[in-house]
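One chain follows as structure tokens, the form predicted alone.
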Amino acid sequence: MTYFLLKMSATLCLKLQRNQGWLPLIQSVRHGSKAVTRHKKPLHFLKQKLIAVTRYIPPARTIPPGVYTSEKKHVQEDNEFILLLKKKLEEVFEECKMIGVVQTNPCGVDDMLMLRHRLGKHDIKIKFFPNQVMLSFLSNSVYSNMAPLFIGPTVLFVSKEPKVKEMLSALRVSPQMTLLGACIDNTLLSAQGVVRYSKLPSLTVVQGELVSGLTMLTSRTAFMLQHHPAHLSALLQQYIKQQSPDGGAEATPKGEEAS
């Protein structure tokens, strides 16, 4: 009851003060209490390890058999035409010592005929095989490293003998063709490697240089082996002549004439 009377008296005083148009010199202002932010203290690293080790890991749910259908890989068998192309491709790799992989850009029929004619002069043939057949053949052969070259439209420049210079000279005239790499004498080469290979001397020149070097060494060896016995025999003959009486008489006048 006293609290109610105090509250009523306070409200009456406020109304009277507002009507009179003045404010008290001291007015109490209530401020909100500051929130206490308590940060969570980090756990000790040993305790963290212990919690991580002892954490419960639920077992994986076993799927009952027959719920999901089994995924079967459908292996597509090659038809007779693809098998025939693979057989021809195998013959090309067995018979030819140079197989160049060239990327073909859009070009006219006349340009292709001219390129075929230039290459035909040096017994270099152009072979067309689909990339699907090439990749299927290379995946099961020793030439599997050539698979990344067959991306996009490609053709093969093949010859029974490595005629790299003739192939590069024909490609310089045809800018629509870009050399990607080649397999020469069972060695996979990049485009830069093919250019370096073309700068090497031919096999006949190397063989001639080797034969000339060997003959020079053998002749030099024979001369060195025959020189010392011949020189020894000449010295022995001179010694025998000097020891003989006729040789000594002939040697004396020669010594007097010389003096």
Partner chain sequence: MAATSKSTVLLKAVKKITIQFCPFESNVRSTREFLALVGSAKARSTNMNCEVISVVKHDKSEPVIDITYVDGERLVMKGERLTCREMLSAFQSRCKDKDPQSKK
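Residue numbers count along the first chain shown, from 1. Every value quoted in this text rests on a predicted model; they were computed, and no experiment measured them.
Note that the form predicted together with its partner chain isn't included here; everything after this is about it.
Only one of 113, 83, 107, 142 lies close to its partner chain in the predicted complex, with a heavy atom inside 4.5 Å, and it is 107. When you look in the predicted complex, the only residue of 168, 180, 92, 133 with a non-hydrogen atom within 4.5 Å of its partner chain is 180. Using a 4.5 Å cutoff between non-hydrogen atoms, residue 164 does not count as a contact of its partner chain in the predicted complex. For residue 151, a non-hydrogen atom is located within 4.5 Å of its partner chain in the predicted complex, even though that partner is not displayed.
Among residues of the shown chain, residue 202 is not one whose heavy atoms approach its partner chain to within 4.5 Å in the predicted complex. Its partner chain in the predicted complex is not approached by residue 138, whose heavy atoms all lie more than 4.5 angstroms from it. With its partner chain omitted here, the record of contacts in the predicted complex names 98 to 106 of 83 to 91, 118 to 126, 156 to 164, 98 to 106, defined by a heavy atom within 4.5 Å. Using a 4.5 angstroms heavy atom cutoff to its partner chain in the predicted complex, none of 206, 212 and 222 count as contacting.
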